[in-house]
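Just the one chain here, the form predicted alone, laid out as structure tokens.
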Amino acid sequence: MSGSSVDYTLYLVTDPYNPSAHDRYFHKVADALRGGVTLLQLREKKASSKQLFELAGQLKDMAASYQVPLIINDRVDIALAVDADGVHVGQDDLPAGVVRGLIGPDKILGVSASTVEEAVQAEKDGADYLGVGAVFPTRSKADATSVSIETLGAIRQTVRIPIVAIGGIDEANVETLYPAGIDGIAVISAILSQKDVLGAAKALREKAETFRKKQR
């Protein structure tokens, strides 16, 4: 699957896996997919390689049943092992150009960026999309660099590839991002921490589509 054919509207990043809540973890992801998530990323920093491989395989099958691509955060080896749809890397991970060489031309490559310079380099290195943030304060990544709406807009004016805004996004603030020309939003807690995961995903998907259409 090439990055140009991906729907970036509502990008869900998984929350940390807890083996004692295994069924709940997958139940929430399934509800989110049913609710309209268009792209799924497995982000897991503490699991063993074996555990991560097993999680990735299960999530890939689940996402595929909804025709949703699975992206693996950072771990190129796991992505290749389960034949995931792509990889997402940050500025401190393997360089994007190296990752592109490893995964080949047909897999999706996402790169985190918080400045125009990082965005330009990522595009040169073969990124299919950018994850730009944190656009709002976020508990899931306390050390994330803050990105202003102005910087988000400047990145949009500079690169041609899709931009996904990330960091502290929820129903209350999502509307403010679309004038910057983003292609989608990436969330964790705005969906997975809600009592009604299915309803939260549906509501965010509807809002994201409505606001994006208004900016066209």
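We number the residues from 1 along the sequence you see. Please read all numbers here as calculations on a predicted model, not as lab measurements.
The same protein has a further form, the form predicted in complex with a further copy of the same chain, not shown here; the description that follows concerns it.
> Can you work out whether a further copy of the same chain is within 4.5 angstroms of a heavy atom in all three of 119, 145 and 157 in the model of the complex?
Spot residues vs a further copy of the same chain: no contact at all.
> Given that a further copy of the same chain is not shown alongside this chain, does residue 106 nevertheless sit within 4.5 Å of it in the model of the complex, heavy atom to heavy atom?
Contact with a further copy of the same chain, no.
> In the model of the complex, does residue 138 come within 4.5 Å of a further copy of the same chain, counting heavy atoms only?
Contact with a further copy of the same chain, no.
> Indicate whether residue 71 is a 4.5 Å heavy atom neighbour of a further copy of the same chain in the model of the complex.
Because no heavy atom of residue 71 falls inside 4.5 Å of a further copy of the same chain in the model of the complex, the answer is no.
> Although a further copy of the same chain is absent from this view, report whether residue 173 comes within 4.5 Å of it in the model of the complex, heavy atoms only.
Residue-level check for residue 173: no, no contact with a further copy of the same chain.
> For the chain shown here without its partner, which stretch in 60-68, 145-153, 23-31, 42-50 has non-hydrogen atoms within 4.5 angstroms of a further copy of the same chain in the model of the complex?
Flagged stretch: 42-50.
> Pick out the residues of 92-108 whose heavy atoms come within 4.5 Å of a further copy of the same chain in the model of the complex.
Residues within 4.5 Å: 92, 93, 94, 95, 98, 102.
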